[in-house]
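To begin, one chain is listed below as structure tokens, in the form predicted alone.
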């Protein structure tokens, strides 16, 4: 098998680009914390622990050539969040970007939402390639002229200039979350979005910053009775009244905002009964859902827990329709993964454009793809060793126990400090972005 891809055809994945420094010494601020394509796939945004957002743009001219769909080059970089201090609680608020979500494009400008632990910002990214000249009351260098010296009236004209990309904060949505924000999701009505923290979900209007509606609140009256937290939340891609949120207990609740203003009573509860034979001390930790994503069609949703990816049909609540083991060979290593805190890593997952393949990350800079039609899967590695453009990625295999074959990697030699938590798939093409610590790898399918 050459690889998992779209439409049942085998795809050979090739190296395309890598962004970021080569140094082994990684500055904390440079660690990538989120990756997101926009709705057309032309722009790719990353956020990092230093509060910066870097946007890459796909080169247009190469799109015509069949051999290479344009490379992604830096389009705009800006500081989205700064470190803050909450004086009331004596807490530092990190600048780290937790999530970026693009809004559907309505005009020439692009808009995105970015959030750290407490504050969400709406950014406008726009281009300027003309500048006005020939003012009556201003010199070209900006100094004001004495009105008495103006004897003729000029009509200002627009002159071409070098392209400038400007990022400006249009709205700041603050002071609505007591706990750390883990998710933001824009609604299909183009007007509202939700933000979720550990215990509450708020609904915002994009034009209104001074108030939001609390739509889910699972905070118990006595915090000692707290048994679960919200881990992720997302709006349905087509139905503007429907959203889901996942919990640390491995359940997913689907809510309908038409039912009541406060959606504490869910419409559907998706939960798989636990296999008693797999019960262990770590069962509750590894069943915690780290990510939930609706398919583009809106028929399915995908959840990621520590060891697996599950696909749920929205019409069937009692069990997933598909379950894919991401790194089952780690089940015997859970004790050491608990001791080094890796068991709490939050892996994300994503769909390809046609919902036929899903992708998620693993350790040792491995990432996994599962073809839903052929039921085949593949493990690939993001590594600088294959960094010649159009180099085909070789499938990797991990040997769980017993005799190791020549091409296999032993579980004991996996590097748990190298992990792929954040991945993104181009909405229309077989182009993927994979974040490894401080590097962003871009791979694409091989075009013959």
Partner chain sequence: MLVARLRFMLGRGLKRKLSDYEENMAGLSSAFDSSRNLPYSLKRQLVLNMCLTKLQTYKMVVEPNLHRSVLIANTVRQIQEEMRQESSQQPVNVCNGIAPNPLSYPGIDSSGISLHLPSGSNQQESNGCNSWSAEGPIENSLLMVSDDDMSSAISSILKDLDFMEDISPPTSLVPAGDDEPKSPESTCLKLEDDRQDLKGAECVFGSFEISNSTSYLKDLAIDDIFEDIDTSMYDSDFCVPPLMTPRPPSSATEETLKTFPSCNSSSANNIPICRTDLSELDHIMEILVGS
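These numbers come from a predicted model, not from an experiment. Residue numbers count along the first chain shown, from 1.
This next part talks about the form predicted in complex with its partner chain, which is not shown.
- Proximity of residue 199 to its partner chain in the model of the complex falls within the 4.5 Å heavy atom cutoff.
- In the model of the complex, its partner chain sits within 4.5 Å of a heavy atom belonging to residue 90.
- Contact annotation: residue 341 falls within 4.5 Å of its partner chain in the model of the complex, judged by heavy atom distances.
- Put simply, residue 322 is far from its partner chain in the model of the complex: not one heavy atom of it is within 4.5 Å.
- Taking 311, 203, 206, 229 one by one, only a single residue has any non-hydrogen atom within 4.5 Å of its partner chain in the model of the complex, and it is 229.
- Interface residue among 140, 224, 146, 162, judged by heavy atoms within 4.5 Å of its partner chain in the model of the complex: 224.
- The putative spot formed by 78, 119 and 211 is not touched by its partner chain in the model of the complex; no residue has a non-hydrogen atom within 4.5 angstroms of it.
- Residues of just one listed stretch (187 to 195, 99 to 107, 284 to 292, 299 to 307) have heavy atoms within 4.5 Å of its partner chain in the model of the complex: 284 to 292.
- Contacts between stretch 345 to 365 and its partner chain, counted in the model of the complex as any heavy atom lying within 4.5 Å, involve 346 alone.
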